[in-house]
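A single chain comes next, written as structure tokens; it is the form predicted on its own.
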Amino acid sequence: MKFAVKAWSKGRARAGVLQFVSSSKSSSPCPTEIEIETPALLLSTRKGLPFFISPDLLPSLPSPDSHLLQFSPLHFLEGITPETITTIGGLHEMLGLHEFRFAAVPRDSIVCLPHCEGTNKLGASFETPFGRILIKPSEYMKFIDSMKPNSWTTLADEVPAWVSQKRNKTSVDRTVRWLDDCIALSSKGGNIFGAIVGGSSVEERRRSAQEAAKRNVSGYWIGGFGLGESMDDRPPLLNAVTDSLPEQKPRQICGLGLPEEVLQGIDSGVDLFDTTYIYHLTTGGFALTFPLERFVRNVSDPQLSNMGSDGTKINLNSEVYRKDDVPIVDGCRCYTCQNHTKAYINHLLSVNEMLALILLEIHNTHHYLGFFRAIREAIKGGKFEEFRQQFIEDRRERDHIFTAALSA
């Protein structure tokens, strides 16, 4: 894996290129390397596949932006064993997705959530569909070695924002120890992302980042966010981390998913985002609609807010879309908008047809990847701060109109 920063924009925001070289020995005539422009979105998956999009529809997503998939090895605690995955040849061979790159992270924020009360010196505790489990570094690395991901994150002791300073210090000490353990236990090496924690303590965040920076790793994974801290609390915590890391290595983060949160992370110098935002939108019946090319004040009439829209996303469960015979977003080039209407998706949702979630995930993924593409262009043009402020102001104005319409 190679990473290079290509542009900066008035501060810490940066655009770069992440290049993965395939180590697969498959005879498939697929490309041996792939370049992902950053800031980039990692698509959340369940056992390596998107939650609703089937493999045959993955090519309909923008390429290569959609080719970076995030998964948790803990998804495989039940079912196929690491030994079987090793025999098959790893995750790429098992799923047949040779053109995609996999990033392994212990936490996925949907079904594998950190449980700090259960974590101890032996390993990290998680709440999973199989109950509460304790994962030791040796057990975790057994999964990593069998799956052969293109990059993987070391085990971390993540804690919520409200824990004590003593607990924050303990989480950093454990995470640093497990970082060394995971590196030592890795038989394949690979592209290691050193985990960084520290909770709500700026000092511990900085110490964790400095310790990770001393290790021979390919990048850094910033954990412990999205666990109770407010948006106002984040900038000093994020900056304490990124200011302590070398510029020539990528930074990945978990827990920042909303557009405003993504912009906040990028403003602090984060490159990669593994987020469950698309999943939660899709399962709620929502479709993203905010403008991508130009963030101008093109606010809907207040009366439209009663139609299941807040100017950012629309709720296709709303009955007002029963006879709406236009796509979700006019001009959108995703498979969903090119072939189907709001009325059809509203019908699918009303009868609990799974196709509704497939079509919504395709559109929301396509749209959010477009959001990241617009961010990269703003950084390259030296206008990221203007882009960020305009986006936030537009969101606030739409929220104000939406609130006013509801109270009218």
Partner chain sequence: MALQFEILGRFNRARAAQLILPHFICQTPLFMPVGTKGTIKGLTTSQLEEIGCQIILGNTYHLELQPTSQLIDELGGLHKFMNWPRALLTDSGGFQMVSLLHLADITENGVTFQSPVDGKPMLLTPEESIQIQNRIGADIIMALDDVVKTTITGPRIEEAMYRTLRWIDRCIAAHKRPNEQNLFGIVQGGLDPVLRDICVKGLVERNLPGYAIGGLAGGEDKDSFWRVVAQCTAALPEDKPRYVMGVGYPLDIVVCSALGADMYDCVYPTRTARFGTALVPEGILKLTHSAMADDTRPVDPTCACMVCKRYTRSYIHCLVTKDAMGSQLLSYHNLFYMLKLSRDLHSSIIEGRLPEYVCGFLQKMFPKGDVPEWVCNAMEVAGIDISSCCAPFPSSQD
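This structure is a prediction, so every number in the text was calculated from the model and none was measured. Positions refer to the first chain, counted from 1.
One more form of this protein, predicted in complex with its partner chain, exists but is not displayed; see below.
Contact of E353 with its partner chain in the predicted bound form (heavy atom, 4.5 Å): Yes, E353 lies within 4.5 Å of its partner chain in the predicted bound form.
Given that its partner chain is not shown alongside this chain, does R333 nevertheless sit within 4.5 Å of it in the predicted bound form, heavy atom to heavy atom? No, R333 stays farther than 4.5 Å from its partner chain in the predicted bound form.
Is there a heavy atom of W178 lying 4.5 Å or less from a heavy atom of its partner chain in the predicted bound form? Judged by the heavy-atom cut-off of 4.5 Å, W178 is well away from its partner chain in the predicted bound form.
Should E78 be classed as touching its partner chain in the predicted bound form when contacts are defined as heavy atoms within 4.5 Å? Looking in the predicted bound form, residue contacts with its partner chain include E78, since a heavy atom lies within 4.5 Å.
Among 165-173, 116-124, 79-87, 243-251, which stretch sits within 4.5 Å of its partner chain in the predicted bound form, heavy atoms only? Checking each option against the 4.5 Å cut-off leaves 79-87.
Listed residue (L97, L74, A104, I192) with a non-hydrogen atom within 4.5 angstroms of its partner chain in the predicted bound form: Result of the distance check: L97.
Since exactly one of E139, E260, D233, E93 fits, which has a heavy atom within 4.5 Å of its partner chain in the predicted bound form? Contact with its partner chain in the predicted bound form is made by E93 alone.
Decide if the three candidate residues P50, H340 and L348 all line its partner chain in the predicted bound form, where lining means a heavy atom within 4.5 Å. The answer is yes; P50, H340 and L348 each reach its partner chain.
Going by heavy atoms, what in 369-386 lies within 4.5 angstroms of its partner chain in the predicted bound form? Residues within 4.5 Å: none.
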